[in-house]
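Shown below, as C-alpha cells, is a lone chain in the form predicted alone; questions about how it binds or moves come after it.
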Amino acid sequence: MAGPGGDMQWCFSQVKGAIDDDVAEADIISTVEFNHTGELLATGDKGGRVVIFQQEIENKNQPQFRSEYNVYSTFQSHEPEFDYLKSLEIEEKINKIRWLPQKNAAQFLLSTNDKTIKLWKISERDKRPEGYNLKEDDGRYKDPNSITSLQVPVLIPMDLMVEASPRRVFANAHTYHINSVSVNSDNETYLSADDLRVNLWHLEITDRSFNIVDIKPANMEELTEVITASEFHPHQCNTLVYSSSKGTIRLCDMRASALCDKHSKLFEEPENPSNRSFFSEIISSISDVKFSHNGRYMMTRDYLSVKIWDLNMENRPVETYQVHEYLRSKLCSLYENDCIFDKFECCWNGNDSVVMTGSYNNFFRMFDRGHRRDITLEASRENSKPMQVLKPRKVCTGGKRKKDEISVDSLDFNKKILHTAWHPQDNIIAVATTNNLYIFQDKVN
C-alpha cells in the first residue's frame, strides 16, 4: 500500500484465539471495533461475549517493536433468550459494538444482539476500602454494643481489577433483527436500525425511543426492500444515512421532519445493462455503510465492490473499487452455498486515504485512494512470525497460472474476513477470521 513515504509494507504483529481447526460456534467473531483513541480494541462473538484488548505502552528503546494488544477485560454481554409470545429463540450473538467518546476515567460501550442493546461501563479499581466501623474485614456485621471507638476507613492498594457493569438496557423496541448501532456526534443520543425501522434513543432513557424511519408497508406482501445498515454523520448531529437491499442509500435530515420517511438525498448508481443477471439484485444489496472521518464522503460495500460517494453528488459514486470481480463467474455456486448472502464490512484509515474490506480465503483488500493502487493480503497462521512482512497475493482468473498465484477454483469460501477495523491514528489493523483476531501493523524501518 502506498503511503506518503513510498510503498508501505504490512507486518504480522499478533494473533488471538485458538489454533484448533475444530471451531466452536460460540467462538466465531461477529464484530471488531477500536475505541476513539485506538488504545482499546473490542471484539464480540456468537457466544455473546465481549473481549477488550488494551494497547501496552510501547518500549521507547526498541521502536521497531510496536506496542502489543493484551486482554484487558472479558465479560458476558448477552445471554440466549426465548420470546414466548412469538415462540422464537433470541440468540446471544453480538451484532455490533460501538464505543462512546471517553469523558472520565471509565470507558463506555454499546453492544447489541438481535433485540436488546446494552450500555456497559468498563472501569478500573486498584484500591479497596478497609477499616469499617460496623463491618469486619470478611463482611460480617459487628455487634454495635462492642464498638467503643470510631475509626476512619482507609483505601489500601490492591491488584488492578477491571470491572464491566451494565448501566442501561434498551429493550423491546425492535420487532426485527438489529443490524446497526451508531452513536450521534452530540454524545447524548444514538440510533439502532433493524430490517424495517430506525429508532433514535437517548443514552439516559431506556423505556422509550423515537421511531425516525419506518419502511414497513401496510401489507407485508408488498415488501420490496429492507434496511441493511445505518450510521450517523460524524459531525452533523442531524444527519444520518441508511442503506437498503436494493443498493440505494438514503440520507435523512432530522431538522426537516421528526419522521425521516422522506429522505433528503438518494444515492443510487444506475445499473449497467450488460451486467444484468439473475443475481443482480442480490449482489447489489449494501452490507455496510461508513462515513469518512472528515464527513465529506461515505463508503458502501456490496457483494463485489466498494464504492465511495461524495455527499454532494447523488447520481453516481466518485470511486468504485472491485474487491473480487473474479467471483462474478462463480455467482451460481456462491448462491447454492449461501455465500452470496455474506455481509462484508469495510473501514477507513485514520486520514481517509485508504479503505479496507475483507474477502474469501482469508484475504483482505486495501485500496489507496490517492495513488489508485490496491493490494490483496492474507491473514493466516503460516505468516505469523513476529514482524514478518505480508506478501501481496494474486488470484489467477484463467489461462496459465503464474508462480505464487492462486486459482479461483482453489479459494476456500469457508474462510472469510467479514469484520475489519483500522486504528484511528496509527497504521494498525485488526482483521477477524472465523475465530481468530489478527493484528497487523506497518513496517517500521
Partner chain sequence: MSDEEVKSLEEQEMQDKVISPEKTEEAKLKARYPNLGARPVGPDFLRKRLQKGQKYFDSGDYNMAKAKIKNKQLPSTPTEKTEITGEHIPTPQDLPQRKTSIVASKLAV
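Numbering follows the first chain given and starts at 1. This structure is a prediction, so every number in the text was calculated from the model and none was measured.
One more form of this protein should be noted, the form predicted in complex with its partner chain, which is absent from this view; the next part is about it.
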Scan S292, T228, S359, T239 and let me know which has any heavy atom within 4.5 Å of its partner chain in the predicted bound form. T228
Of N133, N315, S277, N351, the only residue with a heavy atom within 4.5 Å of its partner chain in the predicted bound form is S277
Is it the case in the predicted bound form that L311, D404 and F440 each bring at least one heavy atom within 4.5 Å of its partner chain? no
Here the chain appears without its partner; judged in the predicted bound form, the stretch of 71-79, 103-111, 198-206, 157-165 with heavy atoms within 4.5 Å of its partner chain is 71-79
Any chance F341 has a heavy atom within 4.5 Å of its partner chain in the predicted bound form? yes
Contact with its partner chain in the predicted bound form for T224, defined as at least one heavy atom pair within 4.5 Å: yes or no? yes
May I ask you to check whether F210 falls inside a 4.5 Å heavy atom distance of its partner chain in the predicted bound form? no
Is F53 one of the residues lying within 4.5 Å of its partner chain in the predicted bound form, judged by heavy atom distances? yes
For the stretch 173-188, which residues lie within 4.5 Å of its partner chain in the predicted bound form by non-hydrogen atom distance? Y176, H177
